[in-house]
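Here we start with a single chain on its own, the form predicted alone, put down as structure tokens.
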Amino acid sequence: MRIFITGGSGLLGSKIVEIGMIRGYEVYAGYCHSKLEFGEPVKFDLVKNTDLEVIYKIEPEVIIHTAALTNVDECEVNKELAYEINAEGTRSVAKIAKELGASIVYVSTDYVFSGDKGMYKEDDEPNPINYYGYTKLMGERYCDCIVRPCVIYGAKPASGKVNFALWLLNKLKNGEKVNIVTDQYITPTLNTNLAKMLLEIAERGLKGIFHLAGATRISRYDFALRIANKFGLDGDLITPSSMEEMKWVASRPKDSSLDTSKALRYLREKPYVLDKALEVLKEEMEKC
């Protein structure tokens, strides 16, 4: 299978590239700024539509579209850029996929939901409360396979950024106190688990919407405590806080947890419960 992955140097994209290569696929990894560890690198920028022409030359059978502007506050401040990348960029990639007869798997977000109730199912009505969620929802209109994860984390930094788990571990190892909210609920998603589920969907040519998150609903605060405990670090450094105290520009959903029962029914690669995910995370970090 010939795969083109946008955002190939990102937290999720790089893991898809790595696993795809191990499985013997012909993997092309689109990147904008950061150097790639795996795959055939392809310079790619969603803001410059001329760069998209490279996809025609590759003629992929599947495009896994992970590239996006994911900084929630930046999207709120720079709405034009957010819409250009997340909505219009997705439209352009989907158009090319259609012209090539390739399938496209679009990685959206839990932030398409308001967060009023949590444990959202695929057929629940989206209602984003920030511009990031809105632009990702607009991108969904152009794709026939949509995947929604929630709070992706992994063992390595990607594109020069550390994810929540690595950020927390770095702080705790340095003996620094951190404020973590107790009133925001999520279903945190290990990038390795998500990458394997995405590749299965690509391999099987599945269509529709899939919530591919972790199988455990938990508050940010309790998630942090579980990470600290798993790595033998001092949980007393984690100070409970509230969303009201955070100096965020954009609003965040209070409960954007995702119901993964559809994935549990349809996929061979199942969403991990948190205990398993943290065990895999620890094993992967020990190998780094």
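In this text, all values refer to a predicted model and were calculated from it rather than measured experimentally. For every residue, the number given is its place in the sequence shown, counted from 1.
One more form of this protein, predicted together with a small molecule, exists but is not displayed; see below.
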query: 4.5 Å heavy atom contact, Ser159 to the small molecule in the model of the complex; finding: yes
query: Non-hydrogen atom contact Cys32 with the small molecule in the model of the complex at 4.5 angstroms; finding: yes
query: The small molecule contact at Tyr132 in the model of the complex, heavy atom, 4.5 Å; finding: yes
query: Residue contact check: Ala263 to the small molecule in the model of the complex, 4.5 Å heavy atom; finding: no
query: Full three-residue contact with the small molecule in the model of the complex, heavy atom 4.5 Å, for Gly154, Leu172 and Glu284; finding: no
query: Position in contact with the small molecule when the complex is considered in the model of the complex, options Ser108, Gln184, Thr192, Thr216, heavy atoms within 4.5 Å; finding: Ser108
query: Partner-proximal stretch of 94-102, 199-207, 119-127, 132-140 relative to the small molecule in the model of the complex, 4.5 angstroms, heavy atom; finding: 132-140
